[in-house]
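This document starts with one chain, in the form predicted alone, laid out as structure tokens.
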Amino acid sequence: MRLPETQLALLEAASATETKTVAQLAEELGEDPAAVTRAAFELAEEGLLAVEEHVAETVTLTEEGRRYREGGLPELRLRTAAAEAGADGSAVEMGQLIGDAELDGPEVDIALSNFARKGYGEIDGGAVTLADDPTYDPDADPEAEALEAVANDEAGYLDSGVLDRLESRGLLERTETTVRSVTLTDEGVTALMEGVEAAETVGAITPELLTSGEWTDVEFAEYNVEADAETTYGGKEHILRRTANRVKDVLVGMGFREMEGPHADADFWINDCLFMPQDHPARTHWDRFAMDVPPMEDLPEDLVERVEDAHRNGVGPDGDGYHSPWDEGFARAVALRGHTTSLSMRYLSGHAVGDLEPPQRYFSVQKVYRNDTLDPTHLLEFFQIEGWVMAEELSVRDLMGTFTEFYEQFGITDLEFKPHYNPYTEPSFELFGKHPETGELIEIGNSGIFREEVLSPLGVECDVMAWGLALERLLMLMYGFEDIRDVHGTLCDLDLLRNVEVVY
């Protein structure tokens, strides 16, 4: 019998009485594990080897787990500090113990919650008292011992409940791998006893083999096209980016030009120019992400004065301002933009590209940031499709027609419009589309005609219709996604992103 060199070496290294893993054999033979695996399956097809598979779990410490293994779990450090401060006899102020235990930042909450869970003591009124009979023995804390065992590759002896707890705390990672083991069959033993020779095989025809004529004498390697292969994922454009680029193409085709601008901007551009009162709830820290940086000094002073006057006194003889506080310091404060209308204000005012004469069409597809509660339709950051048209005698019908033309490019024709209130547009309305899977109406955008209080300080003397549409909501209508967290963010569904089909 003649076998390729790798198969022969594997057959000779395998044992009929001792099971060996592919990894062990690959190291022993100095071969690539993939090549040894392929050879094992080929020998198994010939009946010379038996291949068995089982799933093995690998447990490793995370960076935080390694830090706690070396420096001690936060709750144990707090317990040690409490014991040294005499908390077993009388209550000790928590602030003192936190300092003594060198707990910082998130470690404080981690220490307090696990201190109570393990029954190490009581925390009452900002003071700590140690328990006489704790649930866990602090000198033999099972979680601390588990960290040490994992570090020493002894996780197989640990209780799964302890591992589950450490995994939930983010202190270790568990991964499953398929382990393949081989043993010689009786046929394999017989073949070795009768004698097996190495066959020189060639994996591909080369120019040298052709010109020399040796290709007629060599033995070509056989390839099992049905053998298991490792799954590899090539890079691809994210579906959100792909859709954003398509939105840009559609809007450019409709005669729009793209706007660009900063993600962090003065509240003046983000809200004040929009005639949003400074005491509006959306401008508090509950809804915006303020930044601890110096205020923005580069603001056009004359525009600041006109915007402040509009807020205080309104615009025109019949105008009426908000009669609420207006602080220039607040206007200059920097925050992450909650909408890309800050770009519209920069362009309409002439601050970005100089004075604009009607008609004009501009858009942007960029990220915005809001302190929202996470749910299937809300994220802390998402993409907004901003757009506006400057022209004479615009009407709501023009705005609705623009949306109809835009969404038809994506196969969405069942739009619904609902009157709405915005401080900066009048009239205003929200857009809704029907979800293709649930049939539920999904809000997909907000729009309207800019008020005179917005346009007059900017120096714009004609109508401007504007909108802000959610790119992620467009994806929901196009692909039937029910949760935008599947598409991007820390909880995104990688399998979905790899396999989703492109919709045109």
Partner chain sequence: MPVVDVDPEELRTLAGAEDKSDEELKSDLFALGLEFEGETDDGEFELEFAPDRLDRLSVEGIARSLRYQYGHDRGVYIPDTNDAEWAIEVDESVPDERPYVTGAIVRGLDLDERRLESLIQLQEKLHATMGRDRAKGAIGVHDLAMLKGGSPGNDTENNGPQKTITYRGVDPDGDRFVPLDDDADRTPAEVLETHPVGETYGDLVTDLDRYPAIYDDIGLFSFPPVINGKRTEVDEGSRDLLIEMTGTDQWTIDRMLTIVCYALDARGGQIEAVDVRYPDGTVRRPDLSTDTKRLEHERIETTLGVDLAGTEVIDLLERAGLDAEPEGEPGRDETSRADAVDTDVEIESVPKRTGSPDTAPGGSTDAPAGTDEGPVYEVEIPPYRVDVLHPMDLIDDVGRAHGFNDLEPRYPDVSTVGGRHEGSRLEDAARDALVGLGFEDLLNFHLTSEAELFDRMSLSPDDDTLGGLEPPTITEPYSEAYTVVRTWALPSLLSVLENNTHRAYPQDLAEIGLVAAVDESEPTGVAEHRSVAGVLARTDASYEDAKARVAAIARAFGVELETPPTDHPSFVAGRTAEIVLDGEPVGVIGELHPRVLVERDLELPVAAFEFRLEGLAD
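What you see is a predicted model, and the numbers here were worked out from it, not measured in a lab. Positions refer to the first chain, counted from 1.
Omitted from view is the form predicted together with the partner chain, to which the following refers.
Shown without its partner, this chain lists Ser113, Asn313, Thr183, Thr206 as candidates; in the predicted complex, only Asn313 has a non-hydrogen atom within 4.5 angstroms of the partner chain. This chain is drawn without the partner chain; in the predicted complex, the residue among Glu102, Glu260, Glu93, Asp327 with a heavy atom within 4.5 Å of it is Glu260.
Shown alone here, Gly338 lies farther than 4.5 Å from the partner chain in the predicted complex, counting heavy atoms only. Under a 4.5 angstroms non-hydrogen atom cutoff, the partner chain in the predicted complex has Asp495 among its neighbouring residues. Although the partner is absent here, Val162 is not a contact residue: none of its heavy atoms lies within 4.5 angstroms of the partner chain in the predicted complex.
Interface residue remark: Asp133 is not counted as part of the site for the partner chain in the predicted complex, having no heavy atom within 4.5 Å. Comparing 24 to 32, 38 to 46, 63 to 71, 446 to 454 against the partner chain in the predicted complex, the single stretch with non-hydrogen atoms within 4.5 angstroms of it is 446 to 454. For the candidate spot formed by Thr80, Ile98 and Asp137, no residue has a non-hydrogen atom within 4.5 angstroms of the partner chain in the predicted complex. Shown here without the partner chain, the chain has Tyr233, Gly234, Gly235, Lys236, Glu237, His238, Leu240, Arg241, Asn245, Lys248, Val252 in 230 to 252 lying with a heavy atom within 4.5 Å of that partner in the predicted complex.
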